[in-house]
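A single chain comes next, written as structure tokens; it is the form predicted on its own.
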Amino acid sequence: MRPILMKGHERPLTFLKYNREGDLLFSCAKDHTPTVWFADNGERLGTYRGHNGAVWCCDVSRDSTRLITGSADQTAKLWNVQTGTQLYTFNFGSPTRSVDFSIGDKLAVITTDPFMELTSAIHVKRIARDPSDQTGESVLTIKGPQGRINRAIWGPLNRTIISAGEDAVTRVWDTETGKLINESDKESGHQKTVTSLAKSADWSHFLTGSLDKSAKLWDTRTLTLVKTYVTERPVNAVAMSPLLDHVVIGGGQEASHVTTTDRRAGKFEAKFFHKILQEEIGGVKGHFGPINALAFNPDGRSFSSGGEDGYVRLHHFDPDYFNIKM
């Protein structure tokens, strides 16, 4: 399995996202410019210029016509995927950390960081079909918990929003009322900041990764802990195979400790675990810094990782990967 090295960012990667067909890969980094690539050969298609700060997150609509990005410049922007033009800018009073389109792409959830006297917040915006009708008003604003919310995504049928962040608790909110429905158990849940959140293809369960060196699998409906995968490094990114019972976990150090280099250069690996047996299957090495972003192609036949080293590594699986016997 030879990776395709995609060099287009000058700063550390923050997020990776495939479109629904799996032919395009969108990457976000701290260099202000989200980029789109062909997912089969790693060719760079183009960039989305306009942000003025690190871009933390992105999502692409089901029909691959709209891209939404959230940035440290206190805005979230809507883009035309094909032309790269800005369609709309949502302005906030604090950096935006996470963006996610709802099922049907009529709504988007955007989270903002604590800043000055503002607490973290979850905003739900209506996404107009015609960009000229787009407004910036929120359908719903949920005042968040203490600390940053690192990730918020829509639950099944857009009835809930699932959020997780610095206080290590995963929460489920009602999208109609904004009330808290459920939160993860303090004992069985994560002990440190939750850095990442990935949902299964059928939405029955989701995966969280945390700086407590573990990833946990949760039941979406009841928020009960199903599985725990333990690694020896802080987890910055998690992804789930849509094809096999595999989860992939990437990490390294926290970004603030990156300057203390490890003698094992190029040894930051994405570890594969068996989803059910919780055993490590193998790892893919290669990054020269912590892995900050992971994404599986929707067909389950390739995955990509983005690192602190500014590279995106695209891996197409060998045939024997699909025949691993546990």
Partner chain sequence: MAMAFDRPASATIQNPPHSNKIRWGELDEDDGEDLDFLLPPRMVIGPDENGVKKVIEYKFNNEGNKVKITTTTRIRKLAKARLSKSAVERRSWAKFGDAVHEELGSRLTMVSTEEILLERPRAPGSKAEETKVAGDPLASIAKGGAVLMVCRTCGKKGDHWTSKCPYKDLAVQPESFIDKPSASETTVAAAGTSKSTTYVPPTLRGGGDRSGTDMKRRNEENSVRVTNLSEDTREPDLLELFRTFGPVSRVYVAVDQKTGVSRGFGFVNFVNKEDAERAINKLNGYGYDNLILRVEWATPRSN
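Positions refer to the first chain, counted from 1. From a predicted model like this one, the values you see are computed outputs, not experimental measurements.
Missing here is the form predicted in complex with the partner chain; even so, the following discussion is about that form.
Taking Leu118, Phe296 and Gly300 as the candidate spot, are all three within 4.5 angstroms of the partner chain in the predicted complex by heavy atoms?
Contact check failed for every one of Leu118, Phe296 and Gly300.
With a 4.5 Å heavy atom cut-off, would you call Gly84 a contact of the partner chain in the predicted complex?
Yes, Gly84 sits close enough to the partner chain in the predicted complex that at least one of its heavy atoms falls within 4.5 Å.
With a cut-off of 4.5 Å between heavy atoms, is Trp56 one of the residues that contacts the partner chain in the predicted complex?
No, Trp56 is distant from the partner.
Can you tell me whether Arg44 touches the partner chain? I mean in the predicted complex, with a 4.5 angstroms heavy atom cut-off.
Arg44 belongs to the contact set for the partner chain.
Please determine whether Ile68 contacts the partner chain in the predicted complex, using a 4.5 Å cut-off between heavy atoms.
Residue-level check for Ile68: no, no contact with the partner chain.
For 305-323: residues with a non-hydrogen atom within 4.5 angstroms of the partner chain in the predicted complex?
Contacts from 305-323: Arg313, His316, Asp318, Tyr321.
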